[in-house]
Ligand SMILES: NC(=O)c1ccc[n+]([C@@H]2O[C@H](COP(=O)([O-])OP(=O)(O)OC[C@H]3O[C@@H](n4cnc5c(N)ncnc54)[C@H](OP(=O)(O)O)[C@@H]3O)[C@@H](O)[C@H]2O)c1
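The chain below stands alone, shown as structure tokens; this is the form predicted on its own.
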């Protein structure tokens, strides 16, 4: 079978697909025939050796895949060959067949395509952890999402919207604002000047007052980091919470704790992978919820581009070069 097995780390253009042996499931594992692969920013970091966890080469990267189970290992009772599934593995996803532990595999409802499931699994699981599990967003909350046209940002809008929140999306262009509105944002603001002082002023004067008063937001979901994080604190009202999801800007910020104290604010991290180890029931419940939202048409995967398996690494390069709005998904022939 073909897979992008890395012999060393490097830029996406330096990696090619290789013919390797097909996997055999061990206890509590399944093998999935891949029909679609979702590409994410962490995948780009992984192939370059820049992710916080660095598997020792050779290994196959890739987190998100969807398709049909073709074999199961011992002790697997919740899945069987022929089941339509979506998986979120730590690695191994960039392959025609994916070996996955059962705790990272989810049943795919009728009405949810492999393309949509693969495009949604990481970003919606991440958004659910940030918006629901960590921030505890509820009906009527005011939620601000930065980087709102990215994969996680657009998913966070939809999760918050379906929980009954009033969502304000922060974007950098009208094209991205349109995607945010299509995801369920009631309000959008376009920011052109991203210097720290300009962002702080913008959040104080525009974000805090976006709902017609000066009460500010209950929650800021920040996918950008850097100066955007610092500005996000200025958009929060009493007992506001800012949720750290990622650092798309490449800058990891630090919060001044005196500002948090004086303004009664909370900063919380929303790491996805650790929840598989410590809160698997919440992850499974959340995935069942948002997958059914997709099936019912109450949420969309925002897959804006599909490419063949041979162009997978170019897809990662496009993510690096900020050429993708929404989600990019690799498609494979399910009969192969």
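Positions refer to the first chain, counted from 1. What you are looking at is a predicted structure, and each value in this text was computed from that prediction instead of being measured.
Omitted here: the form predicted together with the ligand. The next part is about that form.
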In the predicted complex, does every one of 147, 151 and 272 come within 4.5 Å of the ligand, counting any heavy atom? yes
Listed range touching the ligand, judged in the predicted complex by heavy atoms within 4.5 Å, from 257-265, 91-99, 238-246, 200-208: 238-246
Residue 172: touches the ligand in the predicted complex, heavy atom cutoff 4.5 angstroms: yes
Although the partner isn't part of this model, could you tell me whether residue 158 comes within 4.5 Å of the ligand in the predicted complex, counting any heavy atom of the residue? no
In the predicted complex, residue 234 touching the ligand (heavy atom, 4.5 Å): no
May I ask you to state whether residue 134 is within 4.5 Å of the ligand in the predicted complex, using heavy atom distances? no
Looking at 138, 194, 187, 84 here, can you tell me which has any non-hydrogen atom within 4.5 angstroms of the ligand in the predicted complex? 194
Which of these residues, 224, 168, 121, 165, gets a heavy atom within 4.5 Å of the ligand in the predicted complex? 224
Just to make sure I understand: among 34-71, which residues lie within 4.5 Å of the ligand in the predicted complex, judging by heavy atoms? 41, 42, 45
